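Take a look at this one chain, the form predicted on its own, written out in structure tokens.
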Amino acid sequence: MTRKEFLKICGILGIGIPAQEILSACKTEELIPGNFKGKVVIIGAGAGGLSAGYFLKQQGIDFEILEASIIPGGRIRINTDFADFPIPLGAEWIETKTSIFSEIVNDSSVKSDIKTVSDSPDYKFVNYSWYNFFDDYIIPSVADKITYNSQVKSVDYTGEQISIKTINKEYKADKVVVSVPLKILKAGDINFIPAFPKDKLDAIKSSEIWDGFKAFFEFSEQFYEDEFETNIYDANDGQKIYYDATLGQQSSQNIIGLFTVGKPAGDFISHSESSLKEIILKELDGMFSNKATPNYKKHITQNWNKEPFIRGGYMSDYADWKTVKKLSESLRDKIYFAGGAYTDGEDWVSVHTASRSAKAAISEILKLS
């Protein structure tokens, strides 16, 4: 069963499968306070890692987040210089109901006023982004617990306490939450002692990680229809979409976005910036009667394959749910997983699924205490 089929199960289209699997796919984990008093080290400050830290903070549990780069957020990065609204270089769409914001905040006393616009079947932020949401509601609670430039090299969980080593320092913890992109585990960048069991390693090795590339082009005139979106891809290979990036943004600019993952992204990730400009303008000229090039003003690109601690887009939409479930399974009541690729067989790769997987991991830690 694939991610697309799970989305159908949860009410988008509906298909007939056993009720037990439906409940498993659509459930939302609730945090029930436990008696755990130890320390948790979280590896990675993307959506999953930040959420894990936030939920631990709500439970009064000691934790630390080790982030290999110099900024938080992982693939929820934005650019604030290109346009009069935040440009989402990574995660852009809200692929679930907007009640997800309250679910992530997990505090009824906190009221959010986040404006969105429908981009069927999803939603988009209005002059806002996933990064802004985390920066406003999640990061303030965990900021003093994040250590940057801390690339983890090994995790030894043979003893009673876990030893986590970076290039410069050793940390001790009672539990570890691994929240790094799956490409990092596939590459073996972190040495786990003992090694993961064979079924876990097989799941890691067999998972397909799509390449990831985005671009945004500004034009002096709007030669395309409002809210246009053009899909150009073979669904099994990935996605390639040109779209009106200013949808709902109350923007004075004319900006077309390009989102592509999987095989179509391979047409872009190996080219220079100047070549990318020519390639994309040529495609847009073909779509819009040669109106793109004469109206071109500027552009930006984001090649996720070149990010040293990410190295790609995300796991294929067509992964098998049993593989995803295996990726999420904890080890020896010590090592847990949180992030878009570790979702216990639910819908995966989205920001909201990364946060839900973090809640599930923290819930498991609490239940075992």
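All residue numbers refer to positions in the sequence shown, first residue = 1. These numbers were taken from a predicted model, which means no experiment stands behind them.
We do not show the form predicted together with a small molecule, though everything after this point is about it.
With the small molecule left out of view, the stretch that reaches within 4.5 Å of it through heavy atoms in the model of the complex is, among 308-316, 328-336, 32-40, 52-60, 308-316. Interface residue among Ile138, Ile256, Ala203, Ile76, judged by heavy atoms within 4.5 Å of the small molecule in the model of the complex: Ile76. Interface residue among Asp267, Asp119, Glu103, Glu95, judged by heavy atoms within 4.5 Å of the small molecule in the model of the complex: Glu95.
Though the partner is left out of this view, Ile184 does reach within 4.5 Å of the small molecule in the model of the complex, counting heavy atoms only. Proximity of Val152 to the small molecule in the model of the complex: non-hydrogen atoms within 4.5 Å are present.
Mapping the unseen interface onto this chain, Lys214 counts among the residues with a heavy atom inside 4.5 Å of the small molecule in the model of the complex. Within 4.5 Å of some heavy atom of the small molecule in the model of the complex lies at least one heavy atom of Ala354.
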